[in-house]
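As a starting point, one isolated chain is supplied in structure tokens, in the form predicted alone.
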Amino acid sequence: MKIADLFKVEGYGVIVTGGASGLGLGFTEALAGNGARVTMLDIDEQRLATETERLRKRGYDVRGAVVDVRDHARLDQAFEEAVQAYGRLDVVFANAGIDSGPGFLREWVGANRTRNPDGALENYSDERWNKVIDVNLNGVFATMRAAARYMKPQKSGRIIVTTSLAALKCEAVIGAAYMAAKAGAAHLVRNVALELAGYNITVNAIAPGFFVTNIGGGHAHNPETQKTVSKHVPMHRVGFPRDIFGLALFLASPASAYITGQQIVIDGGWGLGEVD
């Protein structure tokens, strides 16, 4: 066998939650661009339609379904529709997520690292906490559960969860609910990996650092923000969705067949510390 054959995903049935933008769109393009058949689930109907049309024009086998991962019944229905369309389910990316608003400091870096009352623990509302947990943790659980229902009988599959560098280190400018949800998802990955290992189903996580996506109101698209953050990343730049293509393909393909329960950080070295 040629080593390149280990990375083949042609014909695979794939589902990506939050698949119409950001890293989810990156996962979609990485898999569809290598011959997989991908269903993008997303809450944004207009963006979903736009990206589905764009990718189909490129010759990719993609379809879209409007889904809010907080609606577990609709999520289950979308899984059933995708499996009916493809006749199989090989890979699921549990990627959908939202930000949780500000943390207790105003800025990651710079002179304005002052306390932020809007992110203070005593001012955190139940509504804000519950919404983030419901999407970023409960949504991951529901996605993994739906995947297991199809993968266990066939005794094969890949489940890949988007966590965050925030699951591994404290970030004062990120809201507490996001931190808790991502850390919870990371531990859930390990537990589900242990449960499903005997069924030849691998369960792993991708933990991104600072990537240019629409999360957090899209502030990452601001060139000044990118310039400021880049100074503190050892590789001296921020991440873009294309930077995640290789890792996504690796974890979805036979190349990662003996890896499970792992969280792989992709952050340009930011989690290691700062250098000049």
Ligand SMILES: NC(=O)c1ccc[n+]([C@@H]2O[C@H](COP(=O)([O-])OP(=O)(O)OC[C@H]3O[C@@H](n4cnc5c(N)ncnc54)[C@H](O)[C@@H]3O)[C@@H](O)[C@H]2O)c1
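Residues carry their position along the shown sequence, with the first being 1. Treat the numbers as computed from the prediction; the structure is a model and nothing was measured.
Although not depicted, the form predicted in complex with this ligand is the subject of the following passage.
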Margin query: Partner absent here, but in the predicted complex, which of 247-255, 55-63, 41-49, 229-237 has residues with a heavy atom within 4.5 Å of this ligand?
Written below: 41-49
Next item on the list: Flag this candidate site as yes only if Met144, Leu188 and Gln263 all have a heavy atom within 4.5 Å of this ligand in the predicted complex; otherwise mark no.
Entry: no
Next item on the list: Would you check, heavy atoms only and a 4.5 Å threshold, whether Asn214 touches this ligand in the predicted complex?
Entry: yes
Margin query: in the predicted complex, does Ala177 come within 4.5 Å of this ligand, counting heavy atoms only?
Written below: no
Notebook entry, point to check: Given that the partner is absent here, does Ala20 sit within 4.5 Å of this ligand in the predicted complex, heavy atoms only?
Noted result: yes
Next item on the list: Decide whether Asp68 counts as a contact residue for this ligand in the predicted complex under a heavy atom distance cut-off of 4.5 Å.
Entry: yes
Notebook entry, point to check: In sequence order, which positions of 131-154 have a non-hydrogen atom within 4.5 Å of this ligand in the predicted complex?
Noted result: Val135
